[in-house]
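Here you get one chain, nothing else, as structure tokens; it is the form predicted on its own.
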Amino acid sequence: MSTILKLENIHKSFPGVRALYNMQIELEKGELHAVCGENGAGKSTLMKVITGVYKADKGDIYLNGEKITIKEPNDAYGKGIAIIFQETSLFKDLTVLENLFMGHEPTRKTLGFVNHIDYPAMIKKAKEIFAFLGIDIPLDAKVDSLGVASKQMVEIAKALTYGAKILILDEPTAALTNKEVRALFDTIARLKKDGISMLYISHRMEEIFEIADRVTVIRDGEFVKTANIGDVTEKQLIAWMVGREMDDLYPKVEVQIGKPILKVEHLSKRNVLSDISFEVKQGEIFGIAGLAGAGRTELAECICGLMKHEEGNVSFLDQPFNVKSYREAIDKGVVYVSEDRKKYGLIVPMTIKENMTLSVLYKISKMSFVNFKKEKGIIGDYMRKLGVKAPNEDFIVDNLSGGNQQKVLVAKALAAAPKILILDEPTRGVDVGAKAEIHRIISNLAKEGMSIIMISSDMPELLGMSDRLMVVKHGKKIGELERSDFSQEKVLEMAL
């Protein structure tokens, strides 16, 4: 194998922040090279240096042995380097074909002097790329009508229209179902076979050990180690990432579980939920398992007033709890933390302070004036309690790592003083170190008497943290398991 991309001694700083220091990485032709590190370790900054979004303060980049300068993203595209973000950058109102060639449409002259877009050439090239990738997406379909997996495939195809030889995949499976993940891995295998090299960022250890050839670990903006994937264990990799041995990712605390405080009876909603009944006890972590689309999120939304159910009853503390709005649910002590923190949880251009108290402004205000003393007390308390790593409370949320954004989201929920906290995918998109911290927070909340409903696609997380577990499939309850009966095989058998 030959080295196609090499970075040496890369430094990058922002005001008050050292993002990269003496960073290095090498990518071989036809290699899938995983890049690992905690949230905020510098992975995204490194990728932005490679793709010309940022210019390094110091250091060298070599492409096929030749020292190069990447001035901006289009320059990176011109050199055969493309990045596929977790959140796609496609124009949703345009067709697949238009997105594939946006900004570099082939043209032909009409009447010898007028340039027109050469649609036949575009269609021919697009069909060739789609055939190579093994995907079947209508070229005239509007991007907005596509699912997440199809949009990612269009992004990959778009990169290939530029003749990309290096692809950077940033958390590509975060929002995909298991079936879509398998399809993506098939595509990656085709790309590798064709000699295309990939840098692959993921927090999912099982993926890295399945598809990567080598792995490079970054910690606090610095290079830690590069190793062949066959020469490292998961425990070693995690230790390199966090700088210490991680003995327990699931710090479950044994608590005295009390009486039932939430009862759901025969909850139904046409084409979504069918006759679901369960109860949650005080101080209990009640897990909900199931495949994507099983109705887990919809069930949570029906309980807390974000979606209206058609049949059934919910009772809380032996009183009817058929709330008409989410505000009413919050006032009564039931708070929901969405799986999509950027869409439904946080306003990322705002500060930590503004986000944390957003759900309780009406409680700490009088005649439209905020009681800043109360606000400051709430913020300081939860920043300490949850270990939010930020320079101060006025730090912009969008500049936080994924793990710290998730902590701010949980803090926002806790500020409402819930008796029941519903957590939907509480550790999605966060690194193993932040996962362990969030699990510790969940355990401590249960120890303090709070009841937790935890929805997760992470099976080890559910098995490691739950006291009881309910499995749903196609909107129906399949069964419940006590902690003493937990096994991954049982849960998967029920879910499938």
Ligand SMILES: Nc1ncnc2c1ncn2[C@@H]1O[C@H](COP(=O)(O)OP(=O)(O)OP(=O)(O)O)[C@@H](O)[C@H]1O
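Between two forms, the rigid core is the largest collection of C-alphas that superpose within 1.5 Å. Quick caveat: nothing in here was measured; it's all calculated off a predicted structure. All residue numbers are counted from 1 along the displayed sequence.
There is also a form predicted in complex with the named molecule; it is not shown, and the following applies to it.
- Of the residues Gly433, Gly40, Gly59, Gly52, just one reaches the named molecule in the predicted complex with a heavy atom at 4.5 Å or closer; this is Gly40.
- Proximity to the named molecule in the predicted complex, defined as a heavy atom within 4.5 Å, holds among Pro172, Gly287, Gly290, Gly403 only for Gly403.
- Taking the partner from elsewhere, no residue among Lys332, Tyr336 and Arg468 has a non-hydrogen atom within 4.5 angstroms of the named molecule in the predicted complex.
- With the named molecule omitted here, the record of contacts in the predicted complex names 403-411 of 315-323, 183-191, 273-281, 403-411, defined by a heavy atom within 4.5 Å.
- Using a 4.5 Å cutoff between non-hydrogen atoms, Ile478 does not count as a contact of the named molecule in the predicted complex.
- Contact annotation for Phe395: at least one heavy atom lies within 4.5 Å of the named molecule in the predicted complex.
- Residue contact check for Asn399: one or more of its heavy atoms lie within 4.5 Å of the named molecule in the predicted complex.
- Among heavy atoms of His203, some come within 4.5 Å of the named molecule in the predicted complex.
- For the stretch 13-39, the set of residues having any non-hydrogen atom within 4.5 angstroms of the named molecule in the predicted complex comprises Phe14, Val17, Ala19, Glu38, Asn39, in sequence order.
- Superposed on the core, the two forms barely differ at Lys127: its CA moves less than 2 Å between the shown form and the other one.
- The Cα position of Gly387 differs by 2 Å or more between the shown form and the other one after fitting on the rigid core.
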